[in-house]
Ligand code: WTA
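Just the one chain here, the form predicted alone, laid out as structure tokens.
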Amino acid sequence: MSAGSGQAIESVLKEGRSFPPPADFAAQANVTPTHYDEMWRRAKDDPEGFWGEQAENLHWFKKWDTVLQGGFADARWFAGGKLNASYNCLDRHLDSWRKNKAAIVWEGEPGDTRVLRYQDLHREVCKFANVLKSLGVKTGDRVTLYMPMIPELAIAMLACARIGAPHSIIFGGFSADAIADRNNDAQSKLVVTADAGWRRGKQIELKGKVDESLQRSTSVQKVVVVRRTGADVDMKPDRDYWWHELMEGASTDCDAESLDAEHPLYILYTSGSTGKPKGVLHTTGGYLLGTTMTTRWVFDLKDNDTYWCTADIGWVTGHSYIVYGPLSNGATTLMYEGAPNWPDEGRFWQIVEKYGVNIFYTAPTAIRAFIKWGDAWPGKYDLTSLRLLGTVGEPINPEAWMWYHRTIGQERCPIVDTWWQTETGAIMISPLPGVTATKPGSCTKPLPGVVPDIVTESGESLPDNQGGLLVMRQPWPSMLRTLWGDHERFVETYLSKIEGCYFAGDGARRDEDGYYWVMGRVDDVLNVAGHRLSTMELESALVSHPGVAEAAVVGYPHDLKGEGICCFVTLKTGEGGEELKKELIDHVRTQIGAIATPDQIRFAASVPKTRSGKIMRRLLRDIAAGKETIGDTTTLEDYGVLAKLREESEG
């Protein structure tokens, strides 16, 4: 949002469909309407009392003295309390029948599989915690994890948590420069990596990139390497060690450290539009409480569920909803190493059928890819085990929501459309599947204890159905505490825009039923002839055309209107021409009105995305404006997409 633009964002998306929870689902749900109302009132009237009661769901070595001290800038949750995230995810399940329950069910891209029961996972975590200690890692030291989606990644995370060494996970596709920048910022002492990983049938080099990064990561003293693919790697004596060799002689006894509730659990770097990436810091007690309770509430977890979040653990979704949240609840969490279209576009659905997946949590980007690949792929597999679907990462357009509902959920599975961020740590706004009637495209209502608002730039609350800035009006346990080593930047980035509030960076509106509709990043708002329009709503209008699989809308300088509307469109099949461009422009005018008439339609085989699946509209804005790309591009999944778009633009 440009400086001084205090007006509201105009909401042009109209969506009237609503889907109540299926009666049979609601009858068995963990949270019923009565329970939800009680929680909501309790959280509103006495937030500290509410969170104190919820914290009883964790195991504490020592109970806290106070639930909350301070505000957004200096919050301390459960001060004086002592606990351990690894203990909560593992040890507390070993005194029950869950010790023989599958904790992690893993499938590699080539088809190899492993199952780790809770007692197996506990044993491996204790061994690797002892390995870390033998290599000089102490409580408070930072450990970098740069790994494929293999069980050793979860084992390393939990081992770090066990000894109180904050982990910094770097997604396994980042460059050597990106690794070095993150190592240097965190002053990491040790790196855990693998020889390589599998992606679309190819080996993706990891150890070589670590070696290159260490030429300018002076804090790193040791490297532990998992043998995954058998790729040839250089091993430097007295610095590099094989995981399997170290684990052979490691003891299986390692007590979990009793850590302060505010002890750092992990750092996770998010890309800034300019400058160095931001190291979001999450601490132990509040973060673990947020992920534990939201996993239970939102996904309606049952003891016999097989739960699959398709994210990579390199992103916050994987931290919170593959590892910490599910394991703290004693769930069976599925991990898959590879791509959704290897060896063909049916791989995800084959996995759902093979393991009888009950809960499936994925991104709108993936859903739009499934739509493009066609209904025949999911149609080949038995998806009747599914009982709940989820979506995460960015707003989902209503037509993609409806496809997900019909084709994957077979019109019987509730969909939980979740809004949250790396910075929030856990889900903030989401349907509860046994309680909330869902509306396609809306993340519905805030969870108990979450207090959002829609405001102007001056902080004034906006009425229903007016778009504005999405803020949080009071702290919550799983919130980030700071940016690692840069508290001033933390305050400036999140707390200085709207006085007394956390500003999420997203635009949104709240409808007459109290439902929230996230309209995308405010950086992506268009200012067309004095009208402020949400790119997400324009994209939804385009995707509602039967021929469109995906759309990305950006603004560019326009002599007459100030900002023009440029639409990058990916078709389900075939190539676009002038006739289809005109048809799409007319379609947007019909759906929204003349105010939103696109100035340009550009057909593209694909658009630039981060490795977590978010469209990088900033790069598209540069292309639309004919400018050189600036800022951080380390999260870009495929640089070839950017090059192809530039060629077409120049051509």
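Residue positions are given as counts along the sequence shown, with the first one as 1. Please read these numbers as outputs of a predicted model, since none were measured by experiment.
Not on display, but discussed next: the form predicted in complex with the ligand.
Visitor: Out of N183, T418, T333, T365, which one falls within 4.5 Å of the ligand in the predicted complex, going by heavy atoms?
Guide: Checking each option against the ligand in the predicted complex, the one that comes within 4.5 Å is T418.
Visitor: Consider the chain as shown here, without its partner, and state which of E399, E109, D312, D506 has a heavy atom within 4.5 Å of the ligand in the predicted complex.
Guide: Contact check passes for D506.
Visitor: Out of the stretches listed (400-408, 144-152, 419-427, 77-85), which one is close to the ligand in the predicted complex, meaning heavy atoms within 4.5 Å?
Guide: Careful reading of the contacts points to 419-427.
Visitor: Every residue in R296, P433 and S478 with a non-hydrogen atom within 4.5 Å of the ligand in the predicted complex?
Guide: Result no, not one residue of the spot touches the ligand.
Visitor: In the predicted complex, is there a heavy atom of the ligand that lies within 4.5 Å of any heavy atom of V210, even though the partner is absent here?
Guide: The answer is no: V210 has no heavy atom within 4.5 Å of the ligand.
Visitor: Would you classify H167 as touching the ligand in the predicted complex, given a 4.5 Å non-hydrogen atom cut-off?
Guide: The answer is no: H167 has no heavy atom within 4.5 Å of the ligand.
Visitor: Contact between N527 and the ligand in the predicted complex at 4.5 Å, heavy atoms?
Guide: N527: contacts the ligand in the predicted complex.
Visitor: I'd like to know if G393 sits close to the ligand in the predicted complex, meaning any non-hydrogen atom pair within 4.5 angstroms.
Guide: Yes, G393 is a contact residue.
Visitor: Do any residues of 306-332 have a non-hydrogen atom within 4.5 angstroms of the ligand in the predicted complex? If so, which ones, in sequence order?
Guide: Contacting residues: V316, T317.
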